[in-house]
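Shown below, as structure tokens, is a lone chain in the form predicted alone; questions about how it binds or moves come after it.
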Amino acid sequence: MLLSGLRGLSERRILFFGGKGGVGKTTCASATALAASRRGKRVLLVSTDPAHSTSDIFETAFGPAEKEILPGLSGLEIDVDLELRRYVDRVKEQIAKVFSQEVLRKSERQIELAASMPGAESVALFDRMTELMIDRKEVYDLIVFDTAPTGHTLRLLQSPDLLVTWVGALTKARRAMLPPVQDEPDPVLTALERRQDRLEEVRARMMSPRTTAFILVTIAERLPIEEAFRSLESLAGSGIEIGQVIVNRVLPPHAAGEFYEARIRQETVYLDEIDRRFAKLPRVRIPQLDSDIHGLATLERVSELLGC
């Protein structure tokens, strides 16, 4: 069995924690961020899950603005509705800089309609994540993303490829519309090229194994294992390195009683299956603890178990 702690992974610049809902992503992400900050790193812990619980686990409130939780550790819980509103406002500002007020007025309804379409929230969320990964890279040594349940996260991580293709097509079409020689730079083309450069930069950072890793969190039960394996297959084609599999809440082998003995027998089957299906990946097992995970003392205990 390939057992390995997370200490080496926390030397990267960006870590994504993902998995099925309820498997302990927030606990593992928070414990990793805390341990890295204890070693002197400047860390930002970011929750992209609409059901935020990072504030709860640290027992201190933080929200959509970066807030220092502890020395060296800041937290941020992304408000998707707020980010969508900010994104729409930025689009309107860019249109207002280039076109007349009449064009802006005629565009407003279409912009608001587009903002209500499926996928708009994901674009706004990824735009915010891009800001953090690029604009804050000199401020933090490590950014840890505690993500939403797997399906949503995988679609989000595929955004760079889709957006680069889309913006690239718009840029090409805009260039074809312009005369060969211009006295002044075209503001629309300039905005598109700037957007494409940022997308290319964030894609390069996300695809670099020296910079970024994805950590799968699961538990020894059928549905979380299946979801984790589907994530493995999807991420294998995305270019994002999977750095670790965390098997959370493993029952202690000494648990007594007929019920626990039956559960341990079943769990052993699933643990063997995890070792077989994720054989090429480093794995770490976290035992079921005797108390809820909240507050620094229990988080530090999880950090030790994770090998941070």
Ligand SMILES: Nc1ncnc2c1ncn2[C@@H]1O[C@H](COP(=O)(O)OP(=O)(O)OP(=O)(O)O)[C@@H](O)[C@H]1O
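Not measured: the values here are computed from a predicted model. Each residue number is its position in the shown sequence, starting from 1.
What comes next is about the form predicted together with the ligand, which does not appear here.
Of the residues given (277, 249, 263, 41), 249 alone sits with a heavy atom within 4.5 Å of the ligand in the model of the complex. Residues with any non-hydrogen atom within 4.5 angstroms of the ligand in the model of the complex fall in just one of 241 to 249, 263 to 271, 31 to 39, 64 to 72: 241 to 249.
Contact check for residue 48: no non-hydrogen atom falls within 4.5 Å of the ligand in the model of the complex. Taking the partner from the other structure, the ligand in the model of the complex has no heavy atom within 4.5 Å of any heavy atom of residue 296.
Although the partner is absent from this view, residue 14 stays clear of the ligand in the model of the complex, with no non-hydrogen atom inside 4.5 angstroms. Contact annotation for residue 9: none of its heavy atoms lies within 4.5 Å of the ligand in the model of the complex.
Along 279 to 295, residues 286, 287, 288, 289, 291, 292, 293 each place a heavy atom within 4.5 Å of the ligand in the model of the complex.
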